[in-house]
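Take a look at this single chain, the form predicted alone, given in structure tokens.
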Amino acid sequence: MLNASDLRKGLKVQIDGNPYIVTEFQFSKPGKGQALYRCKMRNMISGNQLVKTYRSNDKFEKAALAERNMQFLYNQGDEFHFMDTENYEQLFLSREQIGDNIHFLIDNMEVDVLFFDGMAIDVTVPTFVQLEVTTADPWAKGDTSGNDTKPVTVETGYELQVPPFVVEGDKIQIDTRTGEYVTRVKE
């Protein structure tokens, strides 16, 4: 069991039989009485938001989650197929279950799939991925005032801003937590 004082951003708890992740957290200690913990949580299955305030003596059950290493095989329409690397069992997830990670999935990528009661509910991609630039506008010489960036599209269809020296065919490293350019990969 967890106490309200254990609450923090990113913690996964179980409320009314459903797994929730804490997305925002505020602590306040009024002059009199108990400390208050105001939390914004997201249901990891339905995606619904929940805002609640807890007192310091409130208890929580830790979410019974399991994580398995899997390999992304391919997508077929809105179904994304994964294979367990230990027992070769296959499963598929919907576009909604994968969320923004869809922009960073490439064939044969190793990912961690999160399970709750035997049901896959979330995918964690590596923190940094290397993707090839498929579309990049040319850079005009003289466009160097300040922090210039230009939009590019990578092999997964994701668009992001990069420095002007990145050209079509380059491999770039992207931080999957923010979706931002990190560096150009030298081969």
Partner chain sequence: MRAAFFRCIREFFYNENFLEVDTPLRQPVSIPESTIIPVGSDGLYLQTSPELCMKRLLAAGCTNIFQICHCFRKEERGRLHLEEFQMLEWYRSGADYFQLMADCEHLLRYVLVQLQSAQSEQNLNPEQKLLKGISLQGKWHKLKVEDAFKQFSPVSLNRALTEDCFDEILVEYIEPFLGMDSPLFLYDYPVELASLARKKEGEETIAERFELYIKGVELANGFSELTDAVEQRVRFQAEIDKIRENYGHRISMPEKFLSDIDRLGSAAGIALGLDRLFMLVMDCPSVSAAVTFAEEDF
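Numbering follows the first chain given and starts at 1. These figures come from a predicted structure and were not determined experimentally.
Just so it is clear, the following notes concern the form predicted in complex with the partner chain, a form of the same protein that is not shown.
J.: Contact between residue 53 and the partner chain in the predicted bound form at 4.5 Å, heavy atoms?
T.: Residue 53: yes, in contact with the partner chain in the predicted bound form.
J.: Would residue 139 count as touching the partner chain in the predicted bound form under a 4.5 Å heavy atom rule?
T.: Residue 139: no contact with the partner chain in the predicted bound form.
J.: Look up in the predicted bound form whether residue 27 has a non-hydrogen atom within 4.5 angstroms of the partner chain, and give yes or no.
T.: The answer is yes: residue 27 has a heavy atom within 4.5 Å of the partner chain.
J.: Indicate whether residue 33 is a 4.5 Å heavy atom neighbour of the partner chain in the predicted bound form.
T.: Flag for residue 33 set to yes.
J.: Just to confirm, with a 4.5 Å cut-off on non-hydrogen atoms, which of 68, 42, 38, 62 contacts the partner chain in the predicted bound form?
T.: Spelling it out, the residue with a heavy atom inside the cut-off is 38.
J.: So which stretch, 53-61, 117-125, 131-139, 149-157, is the one near the partner chain in the predicted bound form (non-hydrogen atoms, 4.5 Å)?
T.: Answer to the contact question: 53-61.
J.: Pull the contact list for 83-108: residues with a heavy atom within 4.5 Å of the partner chain in the predicted bound form, in sequence order.
T.: Residues within 4.5 Å: none in this stretch.
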